[in-house]
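Just the one chain here, the form predicted alone, laid out as structure tokens.
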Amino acid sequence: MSGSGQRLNVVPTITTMGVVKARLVGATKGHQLLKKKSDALTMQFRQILKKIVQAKEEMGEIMKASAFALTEAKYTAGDNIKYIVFENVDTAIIKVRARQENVAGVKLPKFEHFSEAGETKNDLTGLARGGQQIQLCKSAFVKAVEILVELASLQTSFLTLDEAIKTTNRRVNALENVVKPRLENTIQYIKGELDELEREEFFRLKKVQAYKKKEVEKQIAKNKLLLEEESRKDAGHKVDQDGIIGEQEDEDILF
């Protein structure tokens, strides 16, 4: 049969057609759900892309301001200020923690920055001179770290969503262009075969009925011939008896 590769290799029965129809219903529902999931992921993807563009633009300005603030701090407090800062650093003030956000069944990693309050040794840095510029430089670089953490979170979510969208779209295309047409062709094939079997059964029944009718007519004709023969035999026997009686009555009686 032409196009048999576009259908399942099944036995054309009513039970099989019911199973294939159930599979088609499931494939249709799955296609609809995956399509909605793909739309939701695409919307989230565009939002994240917009945020990435804004964050990169903001990061450029913040990094520029941070570099300028560092130059001012070095000019005011001297070049040795970086060694003093390195010596006074024990633990990080700004830390990063990770969590997951669920978007349409896809877990997106999110990074958040937080600060641990408390007095640090750097609070007294630049007490002799340039203290104000050093604090401004510190604040500028804190903002830079915060925007970098946010950008890292957005970039990671962007890549994760990109892979999830590709996978979902592949599944949607497979259901739409392969699975559903194959199931529909299988149902049409089973219907055609069942109709053909029904026509063959109807033709067979007509032939059987015609044969039985012909046999009945033959039997009726045969019975009719037998009755006619029996009637002729009875009529001949009666004629013979009447002839014998007539001959006996015609004999002369002698005295």
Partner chain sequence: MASVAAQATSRGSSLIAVIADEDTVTGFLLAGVGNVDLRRKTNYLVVDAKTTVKAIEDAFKEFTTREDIAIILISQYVANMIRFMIDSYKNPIPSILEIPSKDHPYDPSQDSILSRVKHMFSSDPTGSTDRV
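The structure presented is a predicted model; accordingly, all values stated were derived computationally and were not measured. Numbering follows the first chain given and starts at 1. C-alpha atoms forming the largest set that superposes within 1.5 Å between two forms make up the rigid core.
One more form of this protein exists, namely the form predicted together with its partner chain; it is left out here, but the text below deals with it.
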Determine whether any heavy atom of Lys50 comes within 4.5 Å of a heavy atom of its partner chain in the predicted complex, and answer yes or no.
yes
So, in the predicted complex, is Asn185 in contact with its partner chain at a 4.5 angstroms heavy atom limit?
no
Does at least one non-hydrogen atom of Val179 fall within 4.5 angstroms of its partner chain in the predicted complex?
no
If we define contact as a non-hydrogen atom of the residue within 4.5 angstroms of the partner, is Thr76 a contact of its partner chain in the predicted complex?
no
Region of this chain that lies against its partner chain in the predicted complex, out of 185-193, 216-224, 203-211, 53-61 [heavy atom, 4.5 Å]
53-61
Would you mind picking the one in Lys29, Lys36, Arg199, Arg46 that has a heavy atom within 4.5 Å of its partner chain in the predicted complex?
Arg46
Residues in 145-176 with any heavy atom within 4.5 Å of its partner chain in the predicted complex:
Val145, Leu148, Val149, Leu151, Ala152, Gln155, Thr156, Phe158, Leu159, Thr160, Asp162, Glu163, Ile165, Lys166, Asn169, Arg170, Asn173
Superposing on the rigid core, is the Cα displacement of Ala69 between the shown form and the other one 2 Å or more?
yes
With the core lined up, does the C-alpha of Leu183 move 2 Å or more between the shown form and the other one?
no
Core aligned, does the CA of Ala140 move at least 2 Å between the shown form and the other one?
yes
